[in-house]
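Read the single chain below, which is given as structure tokens and is the form predicted alone.
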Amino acid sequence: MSEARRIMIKVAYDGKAYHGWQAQEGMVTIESRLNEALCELLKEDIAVSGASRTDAGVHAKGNLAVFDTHARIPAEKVAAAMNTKLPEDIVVLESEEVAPDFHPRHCHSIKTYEYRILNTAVRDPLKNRYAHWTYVPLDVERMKEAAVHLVGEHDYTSFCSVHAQTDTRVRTIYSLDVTRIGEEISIVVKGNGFLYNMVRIIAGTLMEVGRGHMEASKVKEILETRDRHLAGPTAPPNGLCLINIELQGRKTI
């Protein structure tokens, strides 16, 4: 048998129909669909390992994953071949061979997430899938003022699920931008990593500020107290999308 190679793939998906990224017994997930496609394509028992485990209902434009194979198919052709086996809501954008010990989860990286909000009096059925709708007017300037307090290296215990299992809740947010174009509000956050539900809780808290239910300065206090109960609600998953994972010191595929 030939020596195993490691292939990295870049995956985009609509998360609406899936119970998140990670394979779970009895549940349809992004990881399970990728594994099924690869097993059928390569005639091997394949298990992908992702760089970011997105939650149920969350979308992605550029998640990364790796898998090992003995198949001789050229690495750059894996993407197109996989797409013939995948459902329409999952697409492998690119594929390439990497070092046998390489894993994107163990690299220094910058992850970019976007949370989209449709701020209109009436729900738009054509945008429901990819944006959270709220009819209450949101003050974007207040949201921007609050967002400033979350940038930098902090312990984000107040902004992660109480069920998060991790050695440390210290992360670094490089930027957190809130913009409005017409009736749509975009919250774009870049960081070196995110805790369970962290971006959705940040979005929920900023919306509380935008509604006038919380002062912008209160966000700094919430961060420092490390008490999840003081932050806003966890925003619904449909507004969240993993935009990109930029691997530092290495080209992004």
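Position 1 is the first residue in the sequence shown; the rest follow in order. Only a predicted model underlies this, so the values are computations on that prediction, with no experimental measurement involved.
The form predicted in complex with another copy of the chain is left out here; the points below concern that form.
**Q** Determine whether any heavy atom of Gly182 comes within 4.5 Å of a heavy atom of another copy of the chain in the predicted complex, and answer yes or no.
**A** Contact with another copy of the chain, no.
**Q** With a cut-off of 4.5 Å between heavy atoms, is Ile90 one of the residues that contacts another copy of the chain in the predicted complex?
**A** Residue-level check for Ile90: yes, a contact with another copy of the chain.
**Q** Would Arg105 count as touching another copy of the chain in the predicted complex under a 4.5 Å heavy atom rule?
**A** No.
**Q** Check whether Pro125 has any heavy atom within 4.5 Å of a heavy atom of another copy of the chain in the predicted complex, and answer yes or no.
**A** The answer is yes: Pro125 has a heavy atom within 4.5 Å of another copy of the chain.
**Q** Of the listed stretches (70-78, 170-178, 117-125, 143-151), which one has a non-hydrogen atom within 4.5 Å of another copy of the chain in the predicted complex?
**A** Heavy atoms within 4.5 Å of another copy of the chain in the predicted complex occur in 117-125.
**Q** Does anything in 38-73 come within 4.5 Å of another copy of the chain in the predicted complex by heavy atoms, and if so which residues, in order?
**A** Sequence-ordered list: His59, Ala60, Lys61.
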